[in-house]
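Here's a solo chain for you in structure tokens, the form predicted on its own.
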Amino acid sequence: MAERARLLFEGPDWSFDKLRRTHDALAEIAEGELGLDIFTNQIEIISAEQMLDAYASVGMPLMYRHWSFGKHFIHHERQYRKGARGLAYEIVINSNPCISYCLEENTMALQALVMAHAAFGHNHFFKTNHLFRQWTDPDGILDYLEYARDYIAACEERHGQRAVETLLDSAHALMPSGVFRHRRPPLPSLREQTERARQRRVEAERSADYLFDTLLRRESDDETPDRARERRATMRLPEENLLYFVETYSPTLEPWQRELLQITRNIAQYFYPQKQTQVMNEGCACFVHFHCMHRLHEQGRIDDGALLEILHNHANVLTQPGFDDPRYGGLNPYALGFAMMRDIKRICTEPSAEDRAWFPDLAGCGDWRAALRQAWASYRDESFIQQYLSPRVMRELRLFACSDTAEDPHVTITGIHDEAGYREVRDTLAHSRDISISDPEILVTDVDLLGDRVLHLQHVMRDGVPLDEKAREATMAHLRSLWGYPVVLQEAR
């Protein structure tokens, strides 16, 4: 009877009282034992339909209207109703307070698992990782999304739904090339955004004509090389953020259209760190929920049945099919991240001679909690793999490196399980997680705003790989629509 009294819950049914008690018990472990630093938690229980709606609107609680979100909702709903796909157990939002959506169909054991995973693991990573600290504004994102939703709705009333959707179609197509990959200023506050939008509307109403077109245009051939260099330097060319450049310099956009482009690129920028930290973020969350659930079981707060259900779902998430398995779709970031987090703990507490050779500063230090917190705060996927991937994890996951070039009719194995091979595997895997290499690099290189106004772009090919022709032409059409004049793209090796 005493043992049963200590249990946080029994059976599959959940209640808000059970959720509250379990959250508080998890907080004791996550914050007290692991030393996690988290935003205040806001846990919401949502239905399957609400979860599908969250999928469609990129997981945010507030979002402007666009036809593509409805299209995504219908696609996910049909797949779910047919049984062709399941639903995520939770969605977590990088905001302050940190909002975690838990599916109402989850059992109580699963609710405990996803709270540990999202409300503590992801929450800590969002708050402490240097990329999220530098590039995102969790205190202001919900206000900004509310402003964006209201502003776009007002634009639809003022300029028509078709005009707004057409502009957003083009902006969405350019979102992958609409981010700064280096330092940027934080998101303006809601008050600053509202005031700037008001000033733009006032300026637009004062202008009877778009003054840009009244400027005396000259022939490009009349421009001297020195003037051309000065002009490019003034516009800070080359520029990697296409949406920013079009928003700033397009000869044809109206003020409200420029504001919509800025909203789109700010949202794209907000999600940019998540693309760079998927392995680390999921690895951190999996490690936290695994540790917390076992500690609750050791303390007698959950029973054997609950732990078995939790481990079953944990194993499903971390499944890594072999390369010759029909289900194989690349390395599972959950599996890789969790394996590396557990390995860091092992290296700190039970190092082998191999570990001491590869990680002399980490091996045997004993304080695995501090080592993990330091790794979670200081790295992104590419640098984390380069720093912490050990030969033992490579062997456990059976990793090897291969070379597959267009000139060679065969795939060549270049890295096996020996000293040189381990380093080759580590370098190859780290290289594959570097989005600065995997994402296309397209730069604005020149435009003469007083001349022909032709926008010149350059794609810097990596490993001789050109852009997909069909996708390139479709995206160029959207860019021409926004720019209003011809756009020329060159491929550079």
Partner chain sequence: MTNFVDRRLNPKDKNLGNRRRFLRRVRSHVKKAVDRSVRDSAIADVETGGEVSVPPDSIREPTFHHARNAGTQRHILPGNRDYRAGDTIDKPPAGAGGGGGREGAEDGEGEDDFVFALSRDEFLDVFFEDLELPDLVKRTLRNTETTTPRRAGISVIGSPGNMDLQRTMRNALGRRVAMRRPSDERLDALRARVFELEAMHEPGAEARAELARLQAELDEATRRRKAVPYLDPLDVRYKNFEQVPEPNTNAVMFCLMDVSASMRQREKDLAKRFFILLHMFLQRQYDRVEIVFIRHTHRASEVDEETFFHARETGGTVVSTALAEMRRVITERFPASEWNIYAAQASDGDNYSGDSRTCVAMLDGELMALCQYFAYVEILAEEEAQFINSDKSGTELWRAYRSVAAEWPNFAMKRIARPGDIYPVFRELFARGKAERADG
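Numbering follows the first chain given and starts at 1. Heads up, when I say rigid core I mean the largest set of C-alphas that superpose within 1.5 Å between the two forms. Since the model is a prediction, treat every value here as computed from it, not as a measurement.
The protein also exists as the form predicted together with its partner chain; that form is not presented, and the subsequent description refers to it.
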Thinking of 41, 45 and 68 as one candidate spot, does its partner chain come within 4.5 Å of a heavy atom in every one of them in the predicted bound form?
yes
Considering its partner chain in the predicted bound form, which of 179, 93, 399, 362 comes within 4.5 Å of it through any heavy atom?
399
Let me know the one among 312, 78, 236, 227 whose heavy atoms come within 4.5 Å of its partner chain in the predicted bound form, would you?
78
Spot the stretch among 154-162, 362-370, 282-290, 131-139 with residues whose non-hydrogen atoms come within 4.5 Å of its partner chain in the predicted bound form.
154-162
Should residue 255 be counted as a contact of its partner chain in the predicted bound form, where contact means heavy atoms within 4.5 Å?
no
Contact of residue 53 with its partner chain in the predicted bound form (heavy atom, 4.5 Å):
yes
Residue 324: touches its partner chain in the predicted bound form, heavy atom cutoff 4.5 angstroms:
yes
Classify residue 304 as contacting or not contacting its partner chain in the predicted bound form by the rule of any non-hydrogen atom within 4.5 angstroms, answering yes or no.
no
Taking heavy atoms and a 4.5 Å limit, what residues of 453-472 are near its partner chain in the predicted bound form?
459, 463, 464, 465, 466, 467, 468, 470, 471, 472
Quick one: core overlaid, is residue 408 moving 2 Å or more at the Cα between this form and the one not shown?
yes
